[in-house]
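Given next, in structure tokens, is a single chain: the form predicted alone.
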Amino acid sequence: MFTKRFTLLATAAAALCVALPATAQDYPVANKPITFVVPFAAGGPTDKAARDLAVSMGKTLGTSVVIENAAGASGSIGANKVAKANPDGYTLLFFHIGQATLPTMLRNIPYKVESDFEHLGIVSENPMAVLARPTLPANNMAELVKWANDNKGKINIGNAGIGSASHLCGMLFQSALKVDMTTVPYRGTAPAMTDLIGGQIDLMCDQSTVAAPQLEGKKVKGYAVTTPKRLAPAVFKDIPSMQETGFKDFAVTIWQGLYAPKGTPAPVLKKLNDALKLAVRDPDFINKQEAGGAIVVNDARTDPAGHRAFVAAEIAKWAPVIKAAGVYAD
């Protein structure tokens, strides 16, 4: 009896040992889609980058990758959903710089960025562009600075919401000009851009991927981009960098990264990271990002350790900026 029971237990234990690595080895199951949770509305730059990445990584992983938009609370609703998700590799978070700014900006953030996620890699960086309504009289940065100083107390600057990329860039822009403006937050990039085009707001600082089609159609004015050099796409050829216009320390890029819930098995994380690294070298993915002025990342930040270290450094970088501006959201 003892021998039989021992044999049964040994067989069950052996089966369990075999089953555990097999789960990771078989990941992902071909007919089970992987979900990228994007914590913003569809149609914005983060959503677009996520959809492009989903196509490229899906080809490598051999399964479909779908997008779920879970907007709200500056991105924390979608991020919290992934933080609390089953750590099986089928629910991932695609988030931008907000992953580093929300820990300071939100008083009651429901998760811990540095301990509730597995970092899979940074994918791309989007430069920002300083934009204005088409009827604004200034035609270059020097004229814009003069106009801003002549109209103190009368200027409004829109953004895609508290904590958004455009909000962060707008805060830095006001600080650089030493001109306080009335901040007008919207529920996303699209309505903010619509009002900029219509002249309901004066200025906006937003990602190059959002600005490109509006500049091409001459629906808004562009004054500068936030990279040390000008951007490559033709639509930006006549738009200088902030450094060229005299703002030597003004440099902002809005990076995008991929995350899994804490506790996701290491072999699953490796498969995801391998697919991410192939994606950032995929010509189709690169072309789609560069068409709007985005820069595809292909350095140490595509490694989980490099990604984690980079996010920690970004948290430290942005915390004093946010605190000095006194910008908080509940």
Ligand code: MLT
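Note that the structure is predicted; figures quoted are calculated from it, not measured. The first residue of the sequence shown is number 1, and the count goes up from there.
There is another form of this protein, the form predicted in complex with this ligand, and it is not shown here; the text below is about that form.
Listed residues P28, P261, P304, P45 were compared with this ligand in the model of the complex; P45 is the one with a heavy atom within 4.5 Å. Site annotation in the model of the complex: the residue of G188, G72, P240, P233 reaching within 4.5 Å of this ligand with a heavy atom is G188. Residues with any non-hydrogen atom within 4.5 angstroms of this ligand in the model of the complex fall in just one of 136-144, 84-92, 188-196, 115-123: 188-196. This ligand is not drawn, but in the model of the complex it has a heavy atom within 4.5 Å of Q207.
None of the heavy atoms of A129 is located within 4.5 Å of this ligand in the model of the complex.
For the chain shown alone, A79 is not a contact residue for this ligand in the model of the complex, no non-hydrogen atom being within 4.5 angstroms.
Taking the partner from the other structure, this ligand in the model of the complex has no heavy atom within 4.5 Å of any heavy atom of A211. Residues of 75-109 that come within 4.5 Å of this ligand in the model of the complex, judged by any heavy atom, reduce to H96 alone.
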